[in-house]
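What follows is a single chain, given as structure tokens, in the form predicted on its own.
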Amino acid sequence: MERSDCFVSVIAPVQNDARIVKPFVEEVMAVLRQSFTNYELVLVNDGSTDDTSVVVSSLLRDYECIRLISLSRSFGADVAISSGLDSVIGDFVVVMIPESDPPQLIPELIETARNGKDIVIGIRRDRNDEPVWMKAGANLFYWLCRKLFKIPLIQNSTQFRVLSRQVVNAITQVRDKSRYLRLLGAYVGYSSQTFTYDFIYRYRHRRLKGVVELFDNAVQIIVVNSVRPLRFASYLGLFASILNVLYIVYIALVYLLKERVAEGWITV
């Protein structure tokens, strides 16, 4: 198989992934070596508290094309990926989550991007590994984003994607503390295409986020990416102010026009 001459960068955030980071790196590097002449793998350590950094350090001695970026604490996957985007040098950048994304799809996705799609977006085929309450909450969240808040978030999209160099340059120009990469790709205005894939499970049981973390993330996405919550709060405040003014007018009219007013009623 002839190897492609384009430069491919792979970004993978890791957090407490000491058990799976080695097989993940081995699979990714095998695919990159077989399919591309120029490549790099950038691992971003998102404040791990286990032996992830130790395992990655040993991998740096075994492979020449791996780099490690260590964050001072845990900032979340989006910030970790953004840190990687600021440093990668590839013509095309693949973003992957080690726990769930299959490296075998990388060559096919790069070929799609080379054929004119600047953003290739992964969509999980189903949510069968999640409890009922989480699936119902996800469906409600996507419905609110689409219908009520007009946020262009693709349902069941994941972090697994390919970005062209032009898209990476555009995203890194956005200096926003609340970068949500699944939406920034839609906002920069480049052509995109989706693909559906099945999760792999490097852990026996998939690690699920807590209710509080999911709710906080959903609220942040809505508030940062839509003006409608602010408009709703403004309209609600205006409506309450109008009611207060009308009530004040009513009190004044009662005081002026009514002959006998219960003592203390005006003050109340």
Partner chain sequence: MVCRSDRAKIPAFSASGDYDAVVIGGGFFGCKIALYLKEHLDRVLIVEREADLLQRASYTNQARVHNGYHYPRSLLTALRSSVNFPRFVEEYRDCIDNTFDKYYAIARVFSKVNASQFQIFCQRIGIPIEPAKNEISSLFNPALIEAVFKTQEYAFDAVKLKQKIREELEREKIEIWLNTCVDKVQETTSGKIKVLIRETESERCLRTRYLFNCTYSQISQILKASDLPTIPLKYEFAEMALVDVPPELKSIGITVMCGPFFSLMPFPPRGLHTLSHVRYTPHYYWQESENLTIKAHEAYSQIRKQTNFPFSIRDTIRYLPIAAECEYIDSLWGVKTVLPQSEVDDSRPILFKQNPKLPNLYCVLGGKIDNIYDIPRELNGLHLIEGV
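All values reported here derive from a predicted model rather than from experimental measurement. Residue numbers count along the first chain shown, from 1.
Below, we refer to the form predicted in complex with its partner chain, which is not included among the displayed structures.
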property: Lys135: touches its partner chain in the predicted bound form, heavy atom cutoff 4.5 angstroms; result: no
property: Exercise: Arg165 in contact with its partner chain in the predicted bound form, heavy atom 4.5 Å; result: yes
property: Contact of Ile89 with its partner chain in the predicted bound form (heavy atom, 4.5 Å); result: yes
property: Contact of Arg67 with its partner chain in the predicted bound form (heavy atom, 4.5 Å); result: yes
property: Options 107 to 115, 127 to 135, 80 to 88, 152 to 160; stretch whose heavy atom lies within 4.5 Å of its partner chain in the predicted bound form; result: 80 to 88
property: Listed residue (Ser191, Thr196, Gln173, Ser72) with a non-hydrogen atom within 4.5 angstroms of its partner chain in the predicted bound form; result: Gln173
property: Answer option from Asn38, Ser226, Ser53, Gln220, heavy atom within 4.5 Å of its partner chain in the predicted bound form; result: Asn38
